[in-house]
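A single chain comes next, written as structure tokens; it is the form predicted on its own.
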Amino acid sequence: MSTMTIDNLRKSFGATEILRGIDLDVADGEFVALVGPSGCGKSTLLRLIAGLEEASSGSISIDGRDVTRLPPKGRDVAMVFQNYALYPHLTVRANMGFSLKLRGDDKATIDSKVTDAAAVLGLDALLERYPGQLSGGQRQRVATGRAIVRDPKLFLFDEPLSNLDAKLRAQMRTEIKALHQRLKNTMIYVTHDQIEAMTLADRIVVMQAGRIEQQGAPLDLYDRPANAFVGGFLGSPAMNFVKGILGSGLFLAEDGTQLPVPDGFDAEQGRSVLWGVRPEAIGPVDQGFSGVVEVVEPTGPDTQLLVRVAGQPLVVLMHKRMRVSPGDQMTLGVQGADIHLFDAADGRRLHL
């Protein structure tokens, strides 16, 4: 049983408030990803959970025990850092077993736990090597193995893949997900990469300016963002936005272009809104709204277009190869169910 409850947690550095009242419950065995732009407070929150920073107010409980004022060693958590934090003068075996040695475990116990973790992570043949002899991905595995051998209540990951190249990052994402499925431990994972969050997490917590904007299952947040910030942050390429006003059963962009609204949507005419649609939801149709192709980016199986619509560029992602060129006219359409409307003033979602 490894649950965590955070209640009205706040953290300030001097006069600057970094976390502004965080409430979060994490279930046993859950994989939770904390995401948001740089400076939103996600790494500070992770450090508070680990005990590396002291909370200004609020509480953190693990398995029902208040650990808010306990030092790191009293919380039974293990953290995997962005830079791996391996000892260069120690072998892989010694690095993985170091915390157990400090804890006073006997050599036989340490060897057994290190051997078991190495087998899970595919490090068996590397145990006598030093960190300087390893690749980035191998170092990441060693850092993860050092956490596994402790069998902690919580695993904390602080952007562990950010130093890897794109191909290795994708590979390690798969390995971390498989590891969670095998161990079934509770994991809190901080990342600025929303693709990592979407593919790894059971639940995503989106943060901005020290607050939680929305939390939920990845596809729930993707399909029904609570506000324009969440809609724009989750998704690659990002959601398109057009500013304008509501007309009678339609949306009027600032240049007068008419765009559709969600089916059955009824709101006050003249209201200033943001019209949002994801790039993959737009496609060529016989009757719709017109645009001019400005940029064509073929990626192999997909074609990404930059099309000027309503006086601004919209990203269109086609899951096929297309023969189009800059300057071509296109007629585009989108299903009403794929349209998102947000209040232009506060960004909140306007429809169910």
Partner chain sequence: MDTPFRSPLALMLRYGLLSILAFMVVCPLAWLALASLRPQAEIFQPVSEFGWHTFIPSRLTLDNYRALWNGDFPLAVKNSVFVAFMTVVFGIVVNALAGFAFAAFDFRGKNLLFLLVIISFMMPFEAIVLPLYVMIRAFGWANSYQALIVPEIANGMVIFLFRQFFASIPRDFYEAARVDGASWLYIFTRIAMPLSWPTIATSGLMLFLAQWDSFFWPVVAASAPDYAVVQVAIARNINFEQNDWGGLFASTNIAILLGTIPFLLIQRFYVRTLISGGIK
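Note that this is a predicted model, so its numbers are computed, not measured. Numbering follows the first chain given and starts at 1.
One more form of this protein exists, namely the form predicted in complex with the partner chain; it is left out here, but the text below deals with it.
With a 4.5 Å cutoff on heavy atoms, residue 163 counts as touching the partner chain in the model of the complex.
The partner chain in the model of the complex is not approached by residue 192, whose heavy atoms all lie more than 4.5 angstroms from it.
The partner chain is not shown here, and in the model of the complex it never comes within 4.5 Å of any heavy atom of residue 265. Under a 4.5 angstroms non-hydrogen atom cutoff, the partner chain in the model of the complex has residue 131 among its neighbouring residues. With respect to the partner chain in the model of the complex, the three residues 275, 284 and 292 uniformly fall beyond 4.5 angstroms at the level of their nearest heavy atom. The stretch from 172-180, 247-255, 266-274, 93-101 that comes within 4.5 Å of the partner chain in the model of the complex, counting heavy atoms only, is 93-101. Between the partner chain and the residues 221, 114, 200, 79, the one pair within 4.5 Å by heavy atoms in the model of the complex involves 79.
Scanning 51-89 for heavy atoms within 4.5 Å of the partner chain in the model of the complex gives 51, 52, 72, 73, 77, 78, 79, 81, 83, 84, 85, 86, 87, 88, 89 in sequence order.
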